[in-house]
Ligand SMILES: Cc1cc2nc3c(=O)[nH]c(=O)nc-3n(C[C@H](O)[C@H](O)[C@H](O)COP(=O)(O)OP(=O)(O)OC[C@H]3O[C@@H](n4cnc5c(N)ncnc54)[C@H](O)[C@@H]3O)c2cc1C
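This document starts with one chain, in the form predicted on its own, laid out as structure tokens.
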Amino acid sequence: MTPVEHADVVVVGGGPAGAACAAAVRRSSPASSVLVLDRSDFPRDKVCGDGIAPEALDVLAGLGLDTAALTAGFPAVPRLRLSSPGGTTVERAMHRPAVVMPRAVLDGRLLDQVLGRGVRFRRHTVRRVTVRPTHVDVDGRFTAGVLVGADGAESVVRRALGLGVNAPDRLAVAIRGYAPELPGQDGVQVIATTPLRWPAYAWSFPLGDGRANVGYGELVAGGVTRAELVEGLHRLLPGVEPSGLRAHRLPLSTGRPRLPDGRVLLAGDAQSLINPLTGEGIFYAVLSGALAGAAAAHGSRAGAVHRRLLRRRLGAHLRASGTASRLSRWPAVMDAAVRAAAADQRVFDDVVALGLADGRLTARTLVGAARRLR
């Protein structure tokens, strides 16, 4: 009979949210034992746009991780080109450059750093989570004082809490592959939108080695098929020649569940923390994971503490991104916002922060867009 393995904190999922959580536990409470469970060994691929906002690296650096080593070999991407549904295009330098690197590399390097801090790892597919008064049981194989579900959009931990999937209008689907970098894209992240099947957009993010991560996504509520996703990608990025196309679902933050009290927490995609404007999720993942790690020390009160920490850190931003997402359902509003960003670097910076990090819906952005509505 396999003995039961115990840890003060068990993290399900070894991606950025889970790794950040484990690092946060060890940083705040070095004596605490931490166990990461994942169904896959690392490095492994994860379907994603591969863009890493500088604010995500800030969170990781705050946990004492070596972000220079994490991103070594992948040059900064300083510019962003954004096209509106009506055809307006703006390209500017971002306030701080982003990095684009395959998740197989990022996730593997990140987990390696965390395991170097005394965190344990087991390859295990979680199937059953049972909450007891004094601990959480996982498949009769593991027990935890606190369990953190950082196991992605199809989270087993989320289902164990009785939380359903997002409604179709709060759930996106995207297809992603890799392609030779398009001419004129060196050092530029490209986001192209379209009025056809709105809201929908394509992206092309350069890796710095002659390749780009390319993809296209839209809301599940539109009933899009795989063939239509591929067609949308080619329509918005003419000339792109992708390989390795894989589809994935994006549970948007507009459909996030109320976090439960108690010993079981959620982080990242499992908590529906995907930006509804851009599909960005790595910043949310590492931040929510870090906050879950800080909350884990509170045992049976961890859920309530985590909810409070998230509300304090992201509440205003999530309200702003949700409002902006609703406004952007009208293509004319998106057109006006892009025209305002083309006219004012500060508005451009505000739009980038709202879509890629924890920015707010600022007065200058609202006024600038209102003046350019047609």
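Because the structure is predicted, anything quoted here is derived from the model rather than measured. Numbering starts at 1 and follows the sequence shown.
Beyond what is shown, the protein has a form predicted together with the ligand; the following relates to that form.
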Exercise for review: Please run the contact check for F142 against the ligand in the model of the complex: heavy atoms, 4.5 angstroms, yes or no?
Suggested key: no
Check your understanding: Looking in the model of the complex, any heavy atom of G303 within 4.5 Å of the ligand?
Key -> no
Check your understanding: R44: heavy atom within 4.5 Å of the ligand in the model of the complex?
Key -> yes
Exercise for review: Examine S40 and determine whether its closest non-hydrogen atom to the ligand in the model of the complex is within 4.5 angstroms.
Suggested key: yes
**Study point:** Stretch in contact in the model of the complex with the ligand, which is absent here, among 8-16, 21-29, 360-368, 346-354 (heavy atoms within 4.5 Å)
**Key:** 8-16
Exercise for review: Name the residue from V105, V156, V165, L207 that puts a heavy atom within 4.5 Å of the ligand in the model of the complex.
Suggested key: V156
**Study point:** the ligand: the contacting residue among T89, S243, T130, T125 in the model of the complex [heavy atom, 4.5 Å]
**Key:** T125
Practice item. Go through 127-152 residue by residue and record those having a heavy atom within 4.5 Å of the ligand in the model of the complex; state none if no residue qualifies. Key: A150, D151, G152
